[in-house]
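Have a look below at one chain only, the form predicted alone, in structure tokens format.
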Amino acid sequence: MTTINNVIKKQLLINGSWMDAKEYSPLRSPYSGEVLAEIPMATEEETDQAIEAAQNATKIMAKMPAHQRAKVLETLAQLLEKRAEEAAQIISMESAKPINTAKGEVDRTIETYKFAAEEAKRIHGETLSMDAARGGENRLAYTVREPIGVIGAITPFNFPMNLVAHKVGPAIAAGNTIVLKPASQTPLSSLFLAELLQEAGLPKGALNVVTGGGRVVGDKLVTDSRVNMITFTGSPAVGIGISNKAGLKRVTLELGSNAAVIIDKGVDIDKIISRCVMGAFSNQGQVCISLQRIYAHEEVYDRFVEKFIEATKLLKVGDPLNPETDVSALISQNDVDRTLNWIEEAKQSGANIATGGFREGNILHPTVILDADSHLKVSCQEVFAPIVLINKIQTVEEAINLVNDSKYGLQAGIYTDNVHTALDAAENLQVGGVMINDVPTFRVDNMPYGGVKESGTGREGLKYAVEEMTEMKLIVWNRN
């Protein structure tokens, strides 16, 4: 089922069986427009069947020993290693991610499942000193963590394997079952994963993959009482809607950002340029922590801008399957149209489009904007495109205030040689993660990851996701 050289009709995975759907939709390459596959568009009834299958499998997964859950995840990682090239091709074709970047995603996905396997073996509680309180004498108390049950996982297009792994991996590690709704543009990666998990020995019904529209599949997952938790990565508007509909369900939301980096005076500009360019333009800027805003101290601003633009112009755009390509197509034509409108708004407001700002098919050429007002869409909203703003600041304190003047707060970075400045930034930046002497785009898969404000609630990263996906239970023995 994983060969996509020819247009094939995919199926839903429900209760361990591949099933035809009543309706199908063509999946097209964002780069070439060619049809890659026919994708099932699940109905509410088919989604209901997937939820029922997941619910029926909860007792099996909850009773499965930790070493067996770990073994399934270890085997999955091994299978993915053997088919890594195929996996990267799938990612690249369905999302237009440059092939070398796609290979990097596969490597990270393998590591994520390995981390998940390790975490399956160290889910534990703690003992409590009950006699610290009056009336607690001669009592023994401890906590355990139990699976939460059925998890509805709704995943985005930009990391169609690794961000799925950040939901499926910890869910299996914790002994839960999953109904997975992948992004409509990138379902092939999830269907590929499902095949590997079947081969790895995951019990039937533990993972169900239901492709289709958010208004049908997503709404059913969010509102169905049998689903105990929703874990979602996507836009703030959709995330807020999920939160409003979910009631008392556990909800983890990884939402938007307009991540920024501060460059202090005295920083070696030559040393950081390539890193900043990568942070801004990797995966066409379609990364939640993509570097969107740069605040450079006036003493280094001119040199930084010159070097940054020079490096940006060296990036190669084109076919995502070409190993030399750095930047390829955005996920849809509508996104190209939107970003061009935002660039035009900036231009009309007096901003300087220093390079880029034009399209080639569905490719937006890497764009650098100078002197952009903070109220412009390219500054205060999430561009999710290869666009970066560079602004001049007089002090780091001024830059911190500008970074914080945002409805988002996922991650931020600062380059500085002054330890006191670094500590002040760490204390005062209103974000979920502060990267000292790095871009905000830095992430490894075992670190806690999540934001504040409209960037979401809860944390991913394997250990932290397992905590989100389990319930704490207290046991107290009365020995009196």
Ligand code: NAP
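This structure is a prediction, so every number in the text was calculated from the model and none was measured. Residue indices: 1-based, along the sequence shown.
Missing here is the form predicted together with the named molecule; even so, the following discussion is about that form.
The partner is absent here; in the predicted bound form, the one residue of 154, 87, 399, 388 having a heavy atom within 4.5 Å of the named molecule is 154. This chain lacks the partner; the member of 104, 149, 214, 318 within 4.5 angstroms of the named molecule in the predicted bound form by a non-hydrogen atom is 214. Among residues of the shown chain, residue 395 is not one whose heavy atoms approach the named molecule to within 4.5 Å in the predicted bound form. With a 4.5 Å cutoff on heavy atoms, residue 175 does not count as touching the named molecule in the predicted bound form; it lies far away.
Contact check for residue 219: a heavy atom falls within 4.5 Å of the named molecule in the predicted bound form. When contacts are judged by a 4.5 Å heavy atom cut-off, residue 406 does not count as touching the named molecule in the predicted bound form. Looking at 106-114, 188-196, 231-239, 322-330, the stretch with residues near the named molecule in the predicted bound form, meaning non-hydrogen atoms within 4.5 angstroms, turns out to be 231-239.
The three marked residues, 181, 288 and 449, each reach the named molecule in the predicted bound form, with a heavy atom inside 4.5 Å.
Residues of 255-277 that come within 4.5 Å of the named molecule in the predicted bound form, judged by any heavy atom, are 255, 256, 257 in sequence order.
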